[in-house]
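Below sits a lone chain in structure tokens, taken as the form predicted alone.
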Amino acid sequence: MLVYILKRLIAGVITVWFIATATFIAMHQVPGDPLMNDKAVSPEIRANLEEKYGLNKPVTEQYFIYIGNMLRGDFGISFTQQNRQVNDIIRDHFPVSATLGLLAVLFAAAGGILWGALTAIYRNRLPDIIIMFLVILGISVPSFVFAALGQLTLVNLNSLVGRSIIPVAGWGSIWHMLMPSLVLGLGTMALLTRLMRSSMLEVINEDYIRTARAKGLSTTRIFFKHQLRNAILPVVTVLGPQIAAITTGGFVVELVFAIPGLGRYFVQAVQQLDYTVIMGTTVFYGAFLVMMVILVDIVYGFIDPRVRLS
């Protein structure tokens, strides 16, 4: 198992290096000057920034300076936000995105496993038809549409009651998180439902399930001990990337619900050509995604010993 984990860690480090390199190359292909007149208040500041990041040196030297700073955990200073480190932006605002993302993942995982199992049990019957229709709807409709509908629902609900039960926007309490996490997790829940349904239908027809029934095991024990445990493996496989995708990909939801997450600052950095923030957040997002994939691989190895043996 140790060798299996080491292989995954080495592959993860190489992947993060590729992400950092690709980000560096992409930023140097984007037209424009990150230190334009409206971003550098004086020639002295411009000269200092050029010296710190090697912008006045050949691209090769800039690359090694960039990699060296990244290895030290220094993503630099924002070009557009005065006296603010990229590390500070990530530290202050990623917890907001992570909290929202984890709530969305809990909702998506619980709903996906539950609805997927139900559709497999009631295959081609009314519950299966209704749930699969909602799943297709959840996959097809963009998140910003659900976000707008969610806000409209809250406005009508609050108006009907005569007071604000659940806040329409903002951040600060668990009530602020309910609707955004629900909206953010809908697409993933729909994906996990389809995946769980397909996996359950395969497991139901396996020989060991028929053997368990022939031995007289109860339906509940067969479901939890044999069907659910084996059918959930593909869900666990995609859950890691989905956790990272939800946590780092709620840009639209954060914008609609006025949530001060990291996604909003990433969008602003792209609009303002704030290179250090773009590169820092991209590498951070990439490393977070890789870490989630490695974690899922390790968990998968514990669940199914055949994985680490292969």
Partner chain sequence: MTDSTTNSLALYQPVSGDFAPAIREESVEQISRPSLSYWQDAWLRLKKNTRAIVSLVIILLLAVFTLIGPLVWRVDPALQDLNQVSQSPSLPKTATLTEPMSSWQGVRVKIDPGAPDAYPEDFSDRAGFRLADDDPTTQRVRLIWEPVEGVRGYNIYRNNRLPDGFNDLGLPLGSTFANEVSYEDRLSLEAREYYYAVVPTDGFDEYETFAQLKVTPTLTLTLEEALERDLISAADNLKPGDQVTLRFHPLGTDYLGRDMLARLMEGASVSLFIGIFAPLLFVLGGIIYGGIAGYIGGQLDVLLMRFADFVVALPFLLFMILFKIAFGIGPGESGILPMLIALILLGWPATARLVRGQVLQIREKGYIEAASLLGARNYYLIFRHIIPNTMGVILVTLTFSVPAAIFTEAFLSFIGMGVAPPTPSWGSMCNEGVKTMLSHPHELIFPAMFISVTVLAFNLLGDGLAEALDSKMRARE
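Residue numbers count along the first chain shown, from 1. These numbers come from a predicted model, not from an experiment.
Quick note: we don't show the form predicted in complex with the partner chain, though the next part is all about it.
With respect to the partner chain in the predicted complex, the three residues L6, I90 and L233 uniformly fall beyond 4.5 angstroms at the level of their nearest heavy atom.
In the predicted complex, the partner chain sits beyond 4.5 Å of every heavy atom of I298.
When the partner chain is considered in the predicted complex, V59 lies well away from it, no heavy atom lying within 4.5 Å. Within 4.5 Å of any heavy atom of the partner chain in the predicted complex lies no heavy atom of I67. Contact annotation: A22 falls within 4.5 Å of the partner chain in the predicted complex, judged by heavy atom distances. Partner proximity in the predicted complex, defined as non-hydrogen atoms within 4.5 angstroms of the partner chain, places exactly one of 103 to 111, 132 to 140, 175 to 183, 69 to 77 at the interface: 132 to 140. Among A148, I222, A169, L201, the residue placing a heavy atom within 4.5 Å of the partner chain in the predicted complex is A148. Contacts with the partner chain in the predicted complex, taken as any heavy atom within 4.5 Å, map within 253 to 281 to L255, V256, F266, V267, V270, Q271, L273, I278, T281.
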